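Okay, here we've got a single chain as structure tokens, the form predicted alone, with questions on binding and movement later.
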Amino acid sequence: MENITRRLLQRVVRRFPSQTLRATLDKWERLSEAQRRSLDLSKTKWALTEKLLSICEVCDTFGVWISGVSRVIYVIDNPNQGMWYAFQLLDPKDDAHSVDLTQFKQQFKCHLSQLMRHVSIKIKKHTDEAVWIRIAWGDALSRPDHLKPTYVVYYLQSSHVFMTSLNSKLKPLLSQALVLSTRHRGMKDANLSGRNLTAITDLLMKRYQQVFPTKYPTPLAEKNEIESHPHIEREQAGAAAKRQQMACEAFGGGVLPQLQSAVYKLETRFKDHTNKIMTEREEPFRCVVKFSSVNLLESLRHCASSGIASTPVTPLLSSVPLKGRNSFVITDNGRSPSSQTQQSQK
């Protein structure tokens, strides 16, 4: 076996936590039960690598291993390891709804292989109907780098695509292959990103409990209610119920997607007329505001329902679940500092 192949396997095995290696090999289904039992996970990674090398050489399965099947399985089970970015496919063609998994696999591999000479592609369908794609990129002179792959998650017959670890130079090639293989006419950035893939998927695909406005709202039950004096409860019951209703209408009810941040880029006029230097400048005033939390939507909903933040909720915050985005650019529509301006979101 080539020394470069041996070193590559060693680096791949080192990246796997020992406690998840056996489960990954079980899902891989390329080694027999006896071969899996022969692996002593209490030994060092070097010893495990040597054992795997000997098995792969005998069974001629090393090519399948290094192509990335095992790594795809690991990333599917542990998706929150990097930053994921959401994209939206545009203008589906008439036959877009009829593209099945087999057609998608063939078309995607064919298109991307034509665009990139040295590329390794592995596609696996997950239990939740998501299609996972692992792409190891090379170039005109070098082999694909299996240690720096790009991962893509696509839901068949939908317009949603999620990517991680994608080089900006390779983005046009991957976008073109996805557009052609899914029978669409274009793809755009959905302005939604995060480390929790499940959260941004649920947010973009509206897979959480939504609360819609009603003419006669009823109080929504809160968990872990704090006991208070009965007279105070009667006085504040109406206002509290209204705040809770408005908060749930803005952000949703029940368990919310665990989105971790929202970014607002401000490109607005400086409006302090006592400071003529800043107010009369032609360039807009630029700054970035970022909200961060373990569960941002839950935090914002709590602020609104508890009275910390005013209700009704400002569109700047309610647009996160409504539009399925967490990146916004806020500008002024007015043409001059003295004219009345109106904020808009792009």
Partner chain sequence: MEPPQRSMVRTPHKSVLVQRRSKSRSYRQSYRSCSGGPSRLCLTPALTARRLNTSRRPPKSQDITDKLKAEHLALLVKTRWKLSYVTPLYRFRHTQLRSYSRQLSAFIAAEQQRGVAVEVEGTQSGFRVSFSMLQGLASAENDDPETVLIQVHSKPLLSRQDEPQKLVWSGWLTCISGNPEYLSSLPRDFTCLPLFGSSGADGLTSVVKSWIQQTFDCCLGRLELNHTTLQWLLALWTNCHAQSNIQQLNMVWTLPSAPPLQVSFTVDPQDAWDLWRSVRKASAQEEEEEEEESCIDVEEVTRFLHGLKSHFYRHFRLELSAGSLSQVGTALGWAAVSGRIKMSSSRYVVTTLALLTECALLKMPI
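Keep in mind that what you see is a predicted model, and the values were worked out from it rather than measured. Residue numbers count along the first chain shown, from 1. In this text, the rigid core denotes the largest set of C-alpha atoms whose superposition between the two forms falls within 1.5 Å.
One more form of this protein, predicted together with the partner chain, exists but is not displayed; see below.
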Notebook entry, point to check: Hey, of 124-132, 110-118, 172-180, 272-280, which bit sits against the partner chain in the predicted complex at 4.5 Å between non-hydrogen atoms?
Noted result: 272-280
Check: Given that the partner is absent here, does residue 264 sit within 4.5 Å of the partner chain in the predicted complex, heavy atoms only?
Finding: yes
Margin query: Is residue 298 near the partner chain? Define near as a heavy atom within 4.5 Å, in the predicted complex.
Written below: yes
Check: Hey, in the predicted complex, does residue 286 get a heavy atom within 4.5 angstroms of the partner chain?
Finding: yes
Next item on the list: Although the partner chain is absent from this view, report whether residue 45 comes within 4.5 Å of it in the predicted complex, heavy atoms only.
Entry: no
Check: Of these, 268, 150, 157, 103, which has a heavy atom no more than 4.5 Å from the partner chain in the predicted complex?
Finding: 268
Item checked: Residue (of 32, 54, 314, 38) lying close to the partner chain in the predicted complex, criterion heavy atoms within 4.5 Å -> 314
Note to self: Superposing on the rigid core, is the Cα displacement of residue 284 between the shown form and the other one 2 Å or more?
What the structure shows: yes
